[in-house]
Ligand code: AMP
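Quick setup: one chain, the form predicted alone, written in structure tokens, and binding and motion questions come after.
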């Protein structure tokens, strides 16, 4: 690597370390408890788009490498009220995503969940965290930002909200990227159709078919930042939603057993650390955010 490339990478990694530090500190100030991440489990997020399974044999039993900690976050709230984890995720994305500049098949999410919370609670929390991170980076990494050629501006909260239906009608299927490219501050997409999400996403009791979900979209063409929302937590509702998705309850038997016993209502989200780093540092590709990038379809160290 050229010396200037090394200096650039050093700056990116220093900034990413500060992002993690700031997020953790801000959450602890708000009485969140950090829990250990879950790497292997018989249950993991089925996600709502096709990816290759990552199953391994453990002592004669099938385990999955965690695709997200969604189920474990809900279960953790049986013990704690506010939790977070810096959770490694492995998602074997399709080869079509190798050139997007936004996808890695191994990455880290800040995953958090709050007992008895509503969507608006976690949206407000996300805005506070996002602004705190940008303030810290602007204050402490002037030299690194100068080397990267990045000029950060503080967004104004609350961020703009657009309903999924309105975004789709105005911009079509590519609304996410169009909104990202045409806005200078983050934007929330809210009220997703039930068919567009996973079975654990909470349906609005007053508006059947509409989910109490949200995505945050970065400005300047950087795309999706996070997904989250309220959760289904009642056993009968969860089972019904699993069947509606064409999945088998047996796939999630451990989760359903606990749901039958007791899952609290909650809301939360997961935000990709590498994507956040890419946005803050103004990088062209997400591979530039880590020493050991895992790019779909490539053999990586």
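Numbering follows the first chain given and starts at 1. All figures in this text were calculated on a predicted structure; none of them were measured in a lab.
Another form exists, predicted together with ligand AMP; not displayed. Remarks below refer to it.
Visitor: Can you pick the stretch from 167 to 175, 224 to 232, 151 to 159, 117 to 125 whose heavy atoms fall within 4.5 Å of ligand AMP in the model of the complex?
Guide: Heavy atoms within 4.5 Å of ligand AMP in the model of the complex occur in 224 to 232.
Visitor: Does ligand AMP come within 4.5 Å of any heavy atom of residue 102 in the model of the complex?
Guide: Residue-level check for residue 102: yes, a contact with ligand AMP.
Visitor: Contact between residue 47 and ligand AMP in the model of the complex at 4.5 Å, heavy atoms?
Guide: Residue 47: yes, in contact with ligand AMP in the model of the complex.
Visitor: Can you work out whether residue 81 and ligand AMP are in contact in the model of the complex, taking contact to mean some heavy atom pair no more than 4.5 Å apart?
Guide: Output for residue 81 is no: heavy atoms all beyond 4.5 Å of ligand AMP.
Visitor: Contact between residue 74 and ligand AMP in the model of the complex at 4.5 Å, heavy atoms?
Guide: Although ligand AMP is absent here, residue 74 would stay clear of it in the model of the complex, with no heavy atoms inside 4.5 Å.
Visitor: Considering ligand AMP in the model of the complex, which of 267, 271, 263, 242 comes within 4.5 Å of it through any heavy atom?
Guide: None of the others qualify; the residue that does is 271.
Visitor: Quick one: name the residues from 74 to 96 with any non-hydrogen atom within 4.5 angstroms of ligand AMP in the model of the complex.
Guide: Result: 91, 93.
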